[in-house]
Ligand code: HMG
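Presented as structure tokens, the chain that follows is alone, the form predicted alone.
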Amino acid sequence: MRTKVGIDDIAVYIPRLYVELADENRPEKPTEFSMARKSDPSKYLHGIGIAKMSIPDTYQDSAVLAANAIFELMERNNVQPSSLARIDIATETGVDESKPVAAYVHGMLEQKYGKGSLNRTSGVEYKFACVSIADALESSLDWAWAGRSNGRSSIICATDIARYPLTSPGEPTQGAGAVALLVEEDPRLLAIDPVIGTHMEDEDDFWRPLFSTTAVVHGKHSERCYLRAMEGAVDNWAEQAIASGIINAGPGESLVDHIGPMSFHVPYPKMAEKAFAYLLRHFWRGLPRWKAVVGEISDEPKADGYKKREEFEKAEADYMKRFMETHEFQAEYLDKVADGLVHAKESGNSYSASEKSCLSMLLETKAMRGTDLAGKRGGSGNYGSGCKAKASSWTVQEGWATCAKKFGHAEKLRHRRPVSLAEYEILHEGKPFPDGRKFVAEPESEFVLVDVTSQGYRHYRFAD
């Protein structure tokens, strides 16, 4: 019998600075950002689903974000360095072309646990845009399933800073953060199924050249790649789930009926909502409930009914918009997905950290609300531009709520301060403050970047 392995606990680190895109209580009220960009703030909140973008301070990079998330995870669970076999990092905003973020994090943690305390703990860096967290997790699971853990745990951490050029279309989808996962046998939180679906292609939907600090994105093309790859990964997962007997759908049932809470990669919340809508349509086709939906919003558009691809894509988008307004969709969405997307609405896109950060928010919210999820199967969908998607499933464990209530996720979102447009643009461009300030907010018992040498080497310390 295969050993039960999964996520024992989750810690999220969120920078304490943010840019307000829209006032959630008064979406039509102009913000400093919307006025500067000559845009309608309600389009940020209702169009893409984002109200605030998390912004790192001058002393924060992806290594700092990761070290702080991991340190919290270790302290909360009293994890000793000797009990850790590996600390792996997933990121697409690494700080060096050779030395991995994992090595820098290693050094920071030893400042707290003692020099040499992690000498027998391995670490690597995973990169495949935003899907790399799924790759890192799969590697840790395989390692444990292979019987190599010998009672030791592993930590994987996704950490990223999403940055696009000022005034560019992608600017409102920026964000930053890190999420650390404690992976163990007999986990308290989620036991992950040994069934993982994959779909991969070579696409030019998004990339960041070596010479650039900001990404290049083909927005509409990237959306199509996301949906196509996610559908392929879910189909691959479904084939394995059915073959292994993990899920057996009865007459009139969909595989999705057997999945409860779900989280997706979130470049912006409306994209994750759309991905869920496409997933439901994909699995509901041919079922009585889909016939009821069609009776309400008409038949799906067919590509061969349009002379131009653009016309078909517009008809398809309009159709899915109508589907997403139906009672059938809204009931599923509010029950299974919406709670987690609060994180992305309040923080923006954190690339590889986005899906598991939203999963953390979803579990904490359900636990605080008293929802009974124990024994229920949930699902995760990860997408990385370039492009690859992974789909996985897991079972919520008996002690999940006690664990989730200690995440402190909602409190971290509250414990932040807004920055002015001028402060934001200085931080974005890496320029000095005209008044001589070194940072915006004082560090609060956390790891910080203190120096980058003329040769590009980075030094860190723990600021008490």
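From 1 onward, residues are counted along the sequence shown. As the structure is a computational prediction, the values presented were derived from the model and not from experiment.
The discussion below concerns the form predicted in complex with the ligand, not included here.
Among 184-192, 223-231, 336-344, 285-293, the region lying within 4.5 Å of the ligand in the model of the complex by heavy atom distance: Correct option: 223-231.
The ligand contact in the model of the complex: residue 42, any heavy atom under 4.5 Å: Within the cut-off, so yes.
Verify the contact flag for residue 241: yes if a non-hydrogen atom of it lies within 4.5 Å of a non-hydrogen atom of the ligand in the model of the complex, no if not. Contact check for residue 241: no, nothing within 4.5 Å of the ligand in the model of the complex.
Does the ligand come within 4.5 Å of any heavy atom of residue 381 in the model of the complex? Close contact is absent here: in the model of the complex, residue 381 is far from the ligand, nothing within 4.5 Å, heavy atoms only.
Do residue 351 and the ligand come within 4.5 Å of each other in the model of the complex, heavy atoms counted? Within the cut-off, so yes.
So, a 4.5 angstroms cut-off on heavy atom distances: do all three of 48, 267 and 274 pass it with respect to the ligand in the model of the complex? All of them do, each having a heavy atom within 4.5 Å of the partner.
Would you mind picking the one in 165, 107, 219, 375 that has a heavy atom within 4.5 Å of the ligand in the model of the complex? None of the others qualify; the residue that does is 219.
Pick from 140, 360, 173, 393: which residue has any heavy atom within 4.5 angstroms of the ligand in the model of the complex? Selected option: 173.
Let me know which residues along 85-116 have a heavy atom within 4.5 Å of the ligand in the model of the complex, or say none if there are none. Counting only heavy atoms within 4.5 Å of the ligand in the model of the complex, the single contacting residue of 85-116 is 92.
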